[in-house]
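Shown here is one chain on its own, the form predicted alone, set out as structure tokens.
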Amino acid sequence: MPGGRRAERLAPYVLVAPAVLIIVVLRLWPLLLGVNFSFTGDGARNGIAVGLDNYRELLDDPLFRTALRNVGLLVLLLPVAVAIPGLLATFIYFRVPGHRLFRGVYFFPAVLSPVIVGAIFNLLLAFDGPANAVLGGLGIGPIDWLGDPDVAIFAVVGVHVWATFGMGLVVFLAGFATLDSALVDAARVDGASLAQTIWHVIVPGLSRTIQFVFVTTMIGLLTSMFGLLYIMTSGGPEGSTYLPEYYIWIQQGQMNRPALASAASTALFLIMLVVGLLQVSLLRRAGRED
């Protein structure tokens, strides 16, 4: 019997050991190697310890500073990127007419390749394309969606949100399956408006789901836009659509500077970690206040 109890205590560790081993070997160990490599030099100084020289060079590079500013812009736009699938999932939950059709239509862009999405929107957002034709019909002058440095980043981010919000929609719908429908019915009986029901019933009830979608959406914005950037703007115009992942690819793939790319990767990881922890902290605090 003592042996049986010992085996029972060890069983959970044995079961999780393969997953932990995979994470350590394929994630943590390469991450540590990349961080260590970021403190070495490129070119003639390859393999030589250079301290913080790569990080100083990053801060002095205007393209990397532009990438950091764009990260700040993404953080500001993040609530919008989360609210869109959240609101659409709410309408589907309340079974608006055609909700089954909308569920499939909204998810469809998520299965398209970023290359295909980028090529399609390059045609739609061309200076003489359909989008400007519609604006012209409304008496609004044409917009250089992908050629204006002040507009291009918003265009690319908007396309990314359109192409990926289907995944967030699915997560929200799964969260609605755990929501106590009696609370929603009680709010209706009390005469609460849709906005009041969303704010006082749905948002607190889906707080954990919202936290998850916030973090995963942020990770997607920071690490999954390379395909769109490459196809739609290639980092232009004037480097205005640079993001850290695109900067990393340029340094590694075109400039042959793997150590500097490792430093940029480490900086991106730290940014994601800090922003993610701040988001979770703020959302938890808001949930407690509600």
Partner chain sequence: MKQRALWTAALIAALALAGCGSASDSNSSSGASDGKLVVWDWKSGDATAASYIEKAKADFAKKHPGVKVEFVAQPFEQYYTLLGAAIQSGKGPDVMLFNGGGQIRDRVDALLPLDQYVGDDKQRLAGWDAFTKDGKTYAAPVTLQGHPIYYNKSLYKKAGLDPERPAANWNEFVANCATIATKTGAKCFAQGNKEGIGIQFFLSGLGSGVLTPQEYDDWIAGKRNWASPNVKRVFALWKEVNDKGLNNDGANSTAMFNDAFAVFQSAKAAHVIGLMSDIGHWKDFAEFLNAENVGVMTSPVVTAGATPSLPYDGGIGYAVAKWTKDPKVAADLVRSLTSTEALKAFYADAGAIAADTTIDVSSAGPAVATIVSETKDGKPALHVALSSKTVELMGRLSQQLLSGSVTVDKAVEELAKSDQAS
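Think of the rigid core as the biggest set of C-alphas that the two forms share within 1.5 Å after superposition. Here the structure is a predicted model, which is why all the values come from computation and not from measurement. Residue numbers count along the first chain shown, from 1.
Note that the form predicted in complex with its partner chain isn't included here; everything after this is about it.
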Revision key, fill the gap. Counting only non-hydrogen atoms, the one stretch of 217-225, 237-245, 48-56, 27-35 within 4.5 angstroms of its partner chain in the model of the complex is 237-245
Check your understanding: Has each of 70, 116 and 276 got a heavy atom lying within 4.5 angstroms of its partner chain in the model of the complex?
Key -> no
Review point. Considering its partner chain in the model of the complex, which of 270, 282, 15, 20 comes within 4.5 Å of it through any heavy atom?
Key: 15
Exercise for review: Classify residue 261 as contacting or not contacting its partner chain in the model of the complex by the rule of any non-hydrogen atom within 4.5 angstroms, answering yes or no.
Suggested key: no
**Study point:** Contact flag, residue 211 vs its partner chain in the model of the complex, heavy atom cut 4.5 Å
**Key:** no
Check your understanding: Hey, in the model of the complex, does residue 265 get a heavy atom within 4.5 angstroms of its partner chain?
Key -> no
Check your understanding: Does at least one non-hydrogen atom of residue 249 fall within 4.5 angstroms of its partner chain in the model of the complex?
Key -> yes
Practice item. Within 4.5 Å of its partner chain in the model of the complex, which residues of 138-161 have a heavy atom? Give them in sequence order, or say none. Key: 144, 146, 147
Exercise for review: Align both forms on the core first, then report whether residue 234 has a C-alpha shift of 2 Å or more between the shown form and the other one.
Suggested key: no
Review point. Is residue 243 one of the residues whose C-alpha moves 2 Å or more between the shown form and the other one after the core fit?
Key: no
Check your understanding: Can we say the CA of residue 67 moves by at least 2 Å between the shown form and the other one when the core is superposed?
Key -> no
